[in-house]
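Next up: a single chain in structure tokens, the form predicted alone.
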Amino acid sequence: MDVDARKLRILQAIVEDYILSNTPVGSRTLSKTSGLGVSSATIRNEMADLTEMGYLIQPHVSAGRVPSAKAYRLYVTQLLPQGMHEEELTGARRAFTSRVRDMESLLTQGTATISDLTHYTALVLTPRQSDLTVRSLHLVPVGKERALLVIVTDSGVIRDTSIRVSSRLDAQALYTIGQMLTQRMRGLTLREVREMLYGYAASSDADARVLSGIADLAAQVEKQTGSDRVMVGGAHNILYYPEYADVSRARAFMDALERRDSLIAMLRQGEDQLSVRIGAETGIPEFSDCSVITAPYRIGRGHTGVIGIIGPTRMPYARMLDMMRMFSQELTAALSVKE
């Protein structure tokens, strides 16, 4: 059985009504409010066909119909109406960019802003840390036999971390070491830097405490490059939707957000383009009643991160796709300025 033009119009009307109401849609209501120009009997027959085809679900015998994941997929692929008007996008863009400050906090602020503007749970995945290249390394004394390591890459400051150093190394010596390391490591990836530092630590020619400090330095670089980072904002937003009024469903959703490896794997699938995953397409069982929209952003010299939102399957897709497209563009532009 084909989904002809009339069935498509009826399915679109049902999806959009359900997105707004979260209430099963009946044929009588649809005939009065949708402007389809057909009788409730005709709509009822078409709804029966769409149910048989797997696009609609009837929760109870006397209830109206609810869109299935298959219906949302067809809706996103073929039936999306106009999204945000330009003036709405301009307002959202202003709110987004006004929150962006220094490089270190930009991604954190971006996560919060995406969550605030969409009213969904926001995710921001950093670029692959091990592929970033080094601009400079700095060693700053902070106490007895301690120094602060600052690694600056082509995407900005990675992180400050404290390491052990020899008590013989004063501020000038640490500065000199930092300059030497920068000269030798500029342009290398963090993975290559880690291997080089372990090579230095294995040397038998230097002071044991210096070697110990270099080994610590290598270990800290390895810790920072060993796994990708994902930031989560507005996890509580899901609780405002009636689908998650049930405590067990809400708890399962929150638990899934704690499994960062699963989130990273899901987000990495969206590195190439703006995309929508509906229900089981997310690959995470706890998100079977959710949709995830992801978009890539660029940072530094071609490095890619991913932003995403998670919400109920009845989200307003056209608006959310427009917003995610805008967030991707604004985040890329902001990071390019900071480069």
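Values in this document were obtained by computation on a predicted structure and should not be read as measured data. Residue positions are given as counts along the sequence shown, with the first one as 1.
Below: the form predicted in complex with the DNA, not depicted.
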property: Triple contact flag 29, 41 and 44 to the DNA in the model of the complex, non-hydrogen atom at 4.5 angstroms; result: yes
property: Listed range touching the DNA, judged in the model of the complex by heavy atoms within 4.5 Å, from 56 to 64, 272 to 280, 305 to 313, 288 to 296; result: 56 to 64
property: In the model of the complex, residue 25 touching the DNA (heavy atom, 4.5 Å); result: yes
property: Contact test in the model of the complex: residue 37 vs the DNA, heavy atoms, 4.5 Å; result: yes
